[in-house]
Structures are given as C-alpha cells and as structure tokens.
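Taking the form predicted on its own, here's one chain by itself in structure tokens.
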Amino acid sequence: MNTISSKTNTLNTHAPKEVRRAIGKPSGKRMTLPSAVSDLLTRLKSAGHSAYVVGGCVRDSLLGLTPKDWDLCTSALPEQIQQVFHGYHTVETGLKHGTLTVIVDHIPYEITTFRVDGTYTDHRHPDSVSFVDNIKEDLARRDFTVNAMAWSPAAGLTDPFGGQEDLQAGVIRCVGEPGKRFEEDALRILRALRFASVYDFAIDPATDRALRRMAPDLSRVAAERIRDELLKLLCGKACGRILRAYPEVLAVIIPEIGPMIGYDQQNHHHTWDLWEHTVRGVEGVPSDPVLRLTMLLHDTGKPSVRTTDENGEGHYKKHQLVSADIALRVAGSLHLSNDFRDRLVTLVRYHDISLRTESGGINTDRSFLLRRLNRFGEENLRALFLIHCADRIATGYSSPEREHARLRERIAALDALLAEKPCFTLKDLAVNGHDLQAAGLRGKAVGEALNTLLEAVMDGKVENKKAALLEYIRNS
C-alpha cells in the first residue's frame, strides 16, 4: 500500500529549498482534508465506490501549501455519483465526460469518474471518454507527473508515474510521451512554463524539447485559456528564469516579443539587450498581473521606431505610443477586462513619464503630485512609481539602492499628501456647477470656471472653500 512518504535519497540539490523542506519528512497516510471533502469521500466509500482526492490538491498538499481547489475522482459512474449525492446541490458541469459538481457550503467540488480519453480532434477536449474502474488508468491521461497523483484515507498515495520524486527534484515532466500530451491540448505547453515559474521548477529535457517543437500550436488555443496561464506565469517566483529561457514560445502568443530577443539597444543608458532589460523590468515590479504585463510590453515598440545618430547611438522617440498600441492589441487578443485593458494601456503609454524636477531631483512638490493624481488617479500613480523604479534599475545605468531610495521618498510624499484629503478632482471642489450658475455663469463658462478653480486649488492659489472659490472666480 502506498503512503505519503518521502525518499530523501532522491532529492535533487537543484530543487528549491522550500520544496525539499515541504516534502522531506514522512507523513504516513495523513493528509489534512477539509471536512466537506472528507464527507464526500466517506459518502462515496459507504456506497461501495473507491474515491480519491486527485491532481493539484495532492500536489500542493505534498508541497506544504494550502490547495485552492479540491477535486475528487471515483470508480462510481456518473449516474451513480448522482444517486450518492441525491439531495445535494449539484451542477451537471460535464456529465457526459463523467464530471458532476457538488456544492457544499457554497464551495464547488468536482467529482469525476475514472476515465481514459479518446482522440483530441480540437486539441482541447477528448472526442470521447471511456469510464474505467482503475485509478492508475485515469492518472495516465493527465498532463504532468506532479498532477498525476491521487490520495485516499484508505489507500494513501497512488503515484504510478513518479510525481512525488519529481516534486522532490523540482521537475515538471509530462506523463508518458510529451508530444502526445501536447498534441492532445497545446495549452499544456504554456502550463508547463507556468508551473515551472510558480514553483521555481526545472522542466524535464524531453518535455522541454517537445514544448519548444510544438510551441506554434499555441496559436490555436482559446484566448481566455492563454490569458489565465500567461498571467499566472508572469506572477511566478521564477518568472524571470522562464522568460529568459523561452522567449520564442511566448512570441507565439505575443509576436512583438520576437524582435526584442537579443536586440542591441545601442544606447549608453542601457547595459543589456532589449529582452534582458524587459525581463529585469518584469522581475522588478511586485507580483501583480497588471504591473507584470505592463513591464513585459512597455518597450515592445522600440524596434520599430529606432533611429541612429551620427555617433551610432540608438534613439527611440515615441516608442511609448507604439508600445501602448501593442498593449491595446494584446489586451484584445487575450480578452482582458475593460478595466485591466485601460490600466495596462495607460501604464505602458506613460511608463517613463517624468517624475523628476528640471534639475533631475525627485519631484515631491505638492502641486506636481496633485496634478499627477488628477491625471492618473492614486492607483495608477502608485503603479507608475513602481514601474519607473523597476525600469530605471533594469537599464543597469542606475543602482537599485538609489532608485529604491527615490521610490520610498515619492511614496512617503504621496502618503503625506493624501492624508490631508486634498482636492485634485472636480468632485473634490467645494463648489459645483449649480453654485456657479447661481453666481451668474452660463453654458461653457461653467465648465471652464470649474477647471480654472481646480487648477488654482492644486497650485495653492486659493483655498478649497466655497466662499473663497466664488470670490476667486469673480475676480478672474
């Protein structure tokens, strides 16, 4: 009988320390399950069916992480699963493929009959499935060994493909023949990179060769599926390593990445080529999807706008605008939400907007900050501070210590200003259009007056008080 245990002699010294710590101690047959999951397993077992938790929840539990979702598999046929959970709130999410979703306390749990898959004509879904009563046959159809493990209180760990050893070694490896796994579903190519990025794992050589060879197949994967995997990849702790190793794969999704690979910027302000600068920029911002995608795209427009002066120096005037256009296209191709799209395009377009005084110092002037708040809003202004810092460091021209000190100063100044609850939008003004109409203004003059007052308040020329504002506009 297999149990959740550890084979310390198989540990790979290249595996991340946190992984080796997490699964380096024997845990026997114990796995902490939510009470609802235990109840579901018990109910299936009491009805005479074998049942396991399977896939990502087993992987994450072995890594010492808290699973986000708990999926179950069972020998019970779909109609038997329905009988077992008669009276429960259920959703027939994929009954013909053997999956019934059971809702317990508003949390969904997918329960799927052991199955083997037929051919994948659409390279996403099997054309047909055959139900089986053997857990090992079911695990054989899954993508990677670390996801092809199942566990039950009675049987312990079922791991026919060495998933636990690959976890210990920090390796992403396809179950069986990699080419076949990727032909079935090309998204697995990107999923391999995502898992390697999120867990800081290496990719098995055979899996690596197959995903590189079959990368063009990503072009036929649905945008929403690409989007979700790409954003998770970008937010992974080993994102930089994966971006450096697989730019050609990512260029299938975002073609504008192609010209950036190895591109010599020929500019004395940049130490590295354009792709390395981009990767360092991605690494330099917090693990937030909008910020990470912004840095991935912020200089995509450079190759198409380059000019070279008489000294051979490369210049990239208005590359921000071209990059913003590319960001807009990417947002559409990935089916990003409107809010995500708008933030992305704004941040790419203004990623290198000046945040300094004319003499090159840090501009924390009240009026300057208020105008930036008025233009971008607090969320985007804070994001621009972070982007500016990462972009400067990623040139290799300025030190991290210098740029982080500047970032702290900017944030401190902004925090102090916002604590005063200042006026930087029209809605913050102590007067509105009705007040100005009562004062005798009409038509366009009302809007013009409101803008004049806002400018005056931000410049410190008048207090944001109704009487003072009306007096100021009368005398303007």
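The numbering used is simple: start at 1 and walk along the sequence shown. None of these values were measured; they are calculated from a predicted model.
Keep in mind that the form predicted in complex with a small molecule is not shown, yet the notes after this line are about it.
Between the small molecule and the residues 158, 147, 113, 164, the one pair within 4.5 Å by heavy atoms in the predicted bound form involves 147. Taking 136, 349, 225, 306 one by one, only a single residue has any non-hydrogen atom within 4.5 Å of the small molecule in the predicted bound form, and it is 225. Three-residue candidate spot 55, 141 and 194; every residue lies within 4.5 angstroms of the small molecule in the predicted bound form by at least one non-hydrogen atom. Stretch-level contact analysis of 55 to 63, 445 to 453, 40 to 48, 411 to 419 against the small molecule in the predicted bound form, using heavy atoms and a 4.5 Å limit, identifies 55 to 63. At the 4.5 Å threshold, heavy atoms of residue 232 reach the small molecule in the predicted bound form. Taking the partner from the other structure, the small molecule in the predicted bound form has a heavy atom within 4.5 Å of a heavy atom of residue 68. Residue 185 belongs to the set of residues with a heavy atom inside 4.5 Å of the small molecule in the predicted bound form.
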